[in-house]
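Single chain ahead, written as structure tokens, the form predicted on its own.
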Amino acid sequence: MAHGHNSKEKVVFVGDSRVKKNSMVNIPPDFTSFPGKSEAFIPYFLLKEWMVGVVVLVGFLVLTIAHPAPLGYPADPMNAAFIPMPDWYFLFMYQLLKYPYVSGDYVVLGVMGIPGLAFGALLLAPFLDTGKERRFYRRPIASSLMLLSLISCVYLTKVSWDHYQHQLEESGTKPEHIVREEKAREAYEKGQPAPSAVKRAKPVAIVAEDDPAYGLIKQNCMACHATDLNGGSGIPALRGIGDQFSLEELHDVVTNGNGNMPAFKDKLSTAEIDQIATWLSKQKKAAE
């Protein structure tokens, strides 16, 4: 090839140094070129995922309608026999928080750490598992984590429910929603309107709270008989106990103990025992 700046100079090409036009198209072929192997994300793949989500949501709603949260009676802080329970779909988390390594001093780990780890792993799953294989048996890590999570939820739910049933049997308690159903059934069979609620007895008031003996009660009795003196879990209430025992009987129980109640003869003086027994004998239900 000749060189120079003369525009009239003849240019001779040695060989073919011209750049061949690229016939390749920068736009990739349509997904229809690969039948059965690919599809457009919008709208096909997105519609498929949306339909799967709808089916799962409808199934979940059907379960919540078929097994709704039991309707008990209005909350009563004086009812020490009531055993609180969450809805069935939270039982696994309720049971998890009972274990010592996720409760007490580690409650933050149980409430935020473990659930955050689970949801974080679910959120990052598409970025951590980038394999093209979609058969579950060829994705051992993802499949194992899924099965482990499912088995854990089922196991914790069953353990929580079994423990709840054991608590009911041990305390001889019948759930309020079952009591409501039985009373409604009885009223229906008798042709009466269903009761809207159970009429609870008026709580017995504490008598002589300004008595110095009440301070001794707080120091020695509230640990077992509850701060409101209503007892619970097989421990009798001290409210109204004066209607059940005489002064002499109360003095003997405080001095020598009775059943699960410890004796206070070695812990308190005779004068203090007299004060406690006298105060307990005043705890009577007010005349109506």
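Keep in mind that what you see is a predicted model, and the values were worked out from it rather than measured. In case it trips you up, residue 1 is the first one in the sequence shown, and so on.
In what follows, reference is made to the form predicted together with a small molecule, a form of this protein that is not presented.
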| property | result |
| --- | --- |
| 4.5 angstroms heavy atom contact with the small molecule in the model of the complex for residue 224 | yes |
| Contact flag, residue 68 vs the small molecule in the model of the complex, heavy atom cut 4.5 Å | no |
| Partner proximity in the model of the complex: residue 236 to the small molecule, non-hydrogen atom cutoff 4.5 Å | yes |
| 4.5 Å heavy atom contact, residue 253 to the small molecule in the model of the complex | yes |
| Answer option from 53, 59, 43, 259, heavy atom within 4.5 Å of the small molecule in the model of the complex | 259 |
| Candidate site 217, 220 and 241: all three near the small molecule in the model of the complex by heavy atom within 4.5 Å | yes |
